[in-house]
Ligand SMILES: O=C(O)CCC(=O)C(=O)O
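Shown below, as structure tokens, is a lone chain in the form predicted alone; questions about how it binds or moves come after it.
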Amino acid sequence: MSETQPSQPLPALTASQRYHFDVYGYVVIENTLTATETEALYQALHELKREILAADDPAKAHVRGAFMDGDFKHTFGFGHIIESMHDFLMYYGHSRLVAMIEEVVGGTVRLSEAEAIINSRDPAKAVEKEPQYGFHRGTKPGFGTHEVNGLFHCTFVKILTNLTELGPDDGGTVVIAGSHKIDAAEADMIALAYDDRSLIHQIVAPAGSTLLFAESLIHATGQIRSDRERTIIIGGYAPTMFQAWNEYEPSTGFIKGLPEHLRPLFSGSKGWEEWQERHRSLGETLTT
């Protein structure tokens, strides 16, 4: 994986990808990672899982800053994984991914959270024909969003890269399409989506693909109906003047050990005064 550079290319999305993001609040970019990169991240995450489970009390264990929660049978959720494996550092600093994030944020960013999930179907639970989801969002339209050049931007943006293939039955993320711009009661929008399930989009993508979405978009984990494991790595990013998510601030030693050009991305050290606002127009050509 290539390390991020101080100034990312703009635009980083094609015009159609950007239009899809603006209309629906998300876009899936297939094969953002190579097969080798995807496999390396998959193996690193499973090695971290083994290390944490080997602890006396996995629910309280920290391995190089990383921790884990879940039922420890079918769901394993990982937090603050950035310091635990070199492959994760390379992922969160991946130049192509950072460029896409900065485009939809509207300026330079910092990492605000680094997470991952390994989950599978619990055979004891019935598969629902019309499942209910744990819908939520991390910011609201108008509060965490703005428009420039007629294009939508959000101050809290996520990338989610699936390290295993996501078919229709593999529990890909579900979203309420277009909810990223609607400042209405979340409960009302969720109820409407259940009434008309065509409003609920589920992510289906080959391994190594990345879902880019605004945190003002209402989203949730999908229902796994297959017997295949779902493994994903997640990054949250925000403008450099924002703080990291609780318990996700990187350690001083970790930051000091980074190459100088990577430190602002992971520490937010550029803060207010050095924040670089950058925007595109829809008709601009993708930078390669």
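What you see is a predicted model, and the numbers here were worked out from it, not measured in a lab. Quick note: we count residues from 1 along the sequence shown, nothing fancier.
One more form of this protein should be noted, the form predicted in complex with the named molecule, which is absent from this view; the next part is about it.
Counting any non-hydrogen atom inside 4.5 Å, which residue from Asn31, Gln43, Thr221, Ser251 sits next to the named molecule in the predicted complex? Contact check passes for Thr221.
The named molecule: the contacting residue among Leu160, Leu111, Met85, Leu97 in the predicted complex [heavy atom, 4.5 Å]: Here the answer is residue option Leu160.
Which among 45-53, 23-31, 224-232, 252-260 is in contact with the named molecule in the predicted complex, heavy atoms within 4.5 angstroms? Flagged stretch: 224-232.
Are any of the heavy atoms in Glu215 no more than 4.5 Å from a heavy atom of the named molecule in the predicted complex? Judged by the heavy-atom cut-off of 4.5 Å, Glu215 is in contact with the named molecule in the predicted complex.
My question is simply whether Thr145 lines the interface with the named molecule in the predicted complex - judged by any non-hydrogen atom within 4.5 Å. Result no; Thr145 lies far from the named molecule in the predicted complex.
Give a yes/no on whether Ser209 approaches the named molecule to within 4.5 Å in the predicted complex, heavy atoms considered. No.
Within 4.5 Å, heavy atoms only: does Thr155 come near the named molecule in the predicted complex? Outside the cut-off, so no.
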